[in-house]
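Taking the form predicted on its own, here's one chain by itself in C-alpha cells.
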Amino acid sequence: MKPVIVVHGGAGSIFKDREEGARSGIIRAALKGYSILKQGGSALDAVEDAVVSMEDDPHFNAGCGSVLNEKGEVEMDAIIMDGKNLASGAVSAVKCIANPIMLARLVMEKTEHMLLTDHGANLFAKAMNIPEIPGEKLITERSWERWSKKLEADSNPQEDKKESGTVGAVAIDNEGNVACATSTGGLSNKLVGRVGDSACIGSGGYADNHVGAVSTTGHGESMMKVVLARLVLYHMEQGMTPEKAADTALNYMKTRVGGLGGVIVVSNSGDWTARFSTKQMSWATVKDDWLQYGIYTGEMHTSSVAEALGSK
C-alpha cells in the first residue's frame, strides 16, 4: 500500500492576513507526517506528529493559538484513533498542556478508558510526566484581542466564532492501517467546560481499517448531532466514493441542523478527499511524493515533495 496523509487546519473563515501562514502550516504538517510514512512509520505516528506540528503553530486554533473561553482561559479537546483495532483516546477541557493530541494517545495506550476530562486529564498528564506549562503561554496576542472584543459594547461574539478552528489529520500507511487525529481550542468565548465534537468518537474523528479514516472541523454541536465522521464512513460502506460520501454527509448536516463544516477522508484503498461547506478550509495532502493543498473551494496547488522541501 502506498502511504497517504491528509491534514486540515480548520473550516470557516480565514482572514486574508492569515492565509499565507495557514498554507505554510498545513504544508509543513503534511510533509512531516508523510516523512514518517515514507520511512515505514505507522499511520498513528504520522497523524499524531502532523497534528503536533499544527498545535505548535499559532496560526491554528489548537494548542498554542487556541481561542479563549468566556473567562479568558484556554480549554482544549483532542482525539486520536487507530483503525487497526478501533482503539481510541481523547481528552477534553484540558488546560496548560502544549500538545493535547499526545495526551490523547497516552489515554489510548496507557489506560483502560477512552476519554479523560478537565482536572482528571491534567492529573493523568502529570502521572505520565507530561510537563504542565503556564496557561498564558498558550495565549497568542490575536486570541487575547478576539476575547477582549466581547467586552466592547458593539462586539458580536457570535460573529467572532465563525473564524476557522480545529486541526486534524488522516493517514494510511504501508501496512494498510488507517488512523485519524483531531485537536482544537473550541469556540471563542465558549462556556467554561464546554466540550465540542473533537473529543467525541464518531463526531470529531473515526478510523476503521475496513473503510477508512475521517477528521472533521466546523460547528461542533452540529457535528455531534449527526455524528459526522462516522456518517461519512457509513456512506462509504454503502459504496460511495470518499468525495461523494463527504458531500452527502455535509449536506445532510446543513439541511437537517443548519451546521457548516468540513472533513478530510482517506479510504482503505488510499483514495482521499478534502470537502467543506464553509467559506474556506485549509488542507493539504501528500500521495506518491506529490503535495497538493488549498484553502478556497476549487483551489488546488500541486508540487513535488522535493520541490516543497527545497522551498522550506
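Start at 1 with the first residue shown and count on from there. All values derive from a computational prediction rather than experimental measurement.
There is also a form predicted in complex with another copy of the chain; it is not shown, and the following applies to it.
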In the predicted complex, the one of G176, G72, G135, G120 near another copy of the chain [non-hydrogen atom within 4.5 angstroms]: G120
Contacting member of V167, A171, M81, A78, with respect to another copy of the chain in the predicted complex [4.5 Å, heavy atom]: M81
Touches another copy of the chain in the predicted complex: K126 (any heavy atom, 4.5 Å): no
Interface membership of G202, another copy of the chain in the predicted complex, 4.5 Å heavy atom rule: yes
4.5 Å heavy atom contact, K225 to another copy of the chain in the predicted complex: yes
Touches another copy of the chain in the predicted complex: E145 (any heavy atom, 4.5 Å): no
Contact at N85, R194 and Y234 by another copy of the chain in the predicted complex, all three, heavy atom at most 4.5 Å: yes
Residues from 240 to 259 in contact with another copy of the chain (non-hydrogen atom within 4.5 Å) in the predicted complex: Y252, R256, V257
